[in-house]
Structure formats: structure tokens, C-alpha cells
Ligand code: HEC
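There is one chain below, alone, in C-alpha cells, taken in the form predicted alone.
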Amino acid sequence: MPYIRDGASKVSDHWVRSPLLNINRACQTCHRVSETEMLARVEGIQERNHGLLQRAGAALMDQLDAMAAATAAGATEAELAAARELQRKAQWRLDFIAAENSMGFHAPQEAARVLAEAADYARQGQVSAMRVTTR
């Protein structure tokens, strides 16, 4: 949150909006690069995060499809318990990053790590559900 002057006081601006609407005050007080470079950095990080988010989401949908196919083939709740646990782990991580609201900018490496875990858990769950179907 950028600072604003209120008389002689310096206070945080609590109007919630994208810092990209005022890069000078929101970012450049700490990051000493041009607005153009700052915007390019942010867009690059957010594009990578969005791509990872979409890939993790696709993996989760593939898992849910595999679980639905297993259910249609007669799989029991007990047989799908492992797949459901993996789905919960994947969904929680995906939701965490989606709800975080910076599109990965605040901690890009951590966001990428969490999304990689989401995709990994979803693929493990997909394989688990497919194994039940092929029995």
C-alpha cells in the first residue's frame, strides 16, 4: 500500500486496488527500476503463474473425470478413498493460490511450488482412480 499525506501525517493508502495503477507510489519507493521494467516484470510473473494455475486446474479436472469414470464402472467409496484424499490436497493448493490475489507476484517461486504440488497430487489421484477402473 503506497503512502499518502494527510496533513502533516504520512499514512498508508487503504483504498484496495491494483498497485499497477500507481507504480510510482506503490512499487518504486522500494524497487528502483523504471515503470516500464516494473510492469514487464509483473506481467511476466503473472503470465507464468496463470499458465501454471491453468495446468494444475486441467490436471485436477482430469482427475475428477477419472474418478467419475471409476464410479460409473462400479468403484466403491473405499476404493476411491486414496484418490479423494489426493483430490483434496490438490484442490486446497489450487484454491490457495487462486485466492491469494497477487497472481503469484508476491512470492513467485512459492506460488510455482504450490501449483506444482497441486498438479502432482491431481495426477497421482488420476492414476489412483484409473487403477481402480482397470481392476
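Residue indices: 1-based, along the sequence shown. Remember, predicted model here, so these are calculated numbers, not experimental data.
What follows is about the form predicted in complex with heme C (HEC), which we do not show.
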| query | finding |
| --- | --- |
| Partner-facing stretch of 27 to 35, 81 to 89, 65 to 73, 96 to 104, counted where any non-hydrogen atom is within 4.5 angstroms of heme C (HEC) in the predicted bound form | 27 to 35 |
| All of 20, 41 and 45 within 4.5 Å of heme C (HEC) in the predicted bound form, heavy atom check | yes |
| Partner contacts in the predicted bound form for 55 to 70 (non-hydrogen atom within 4.5 angstroms of heme C (HEC)) | none |
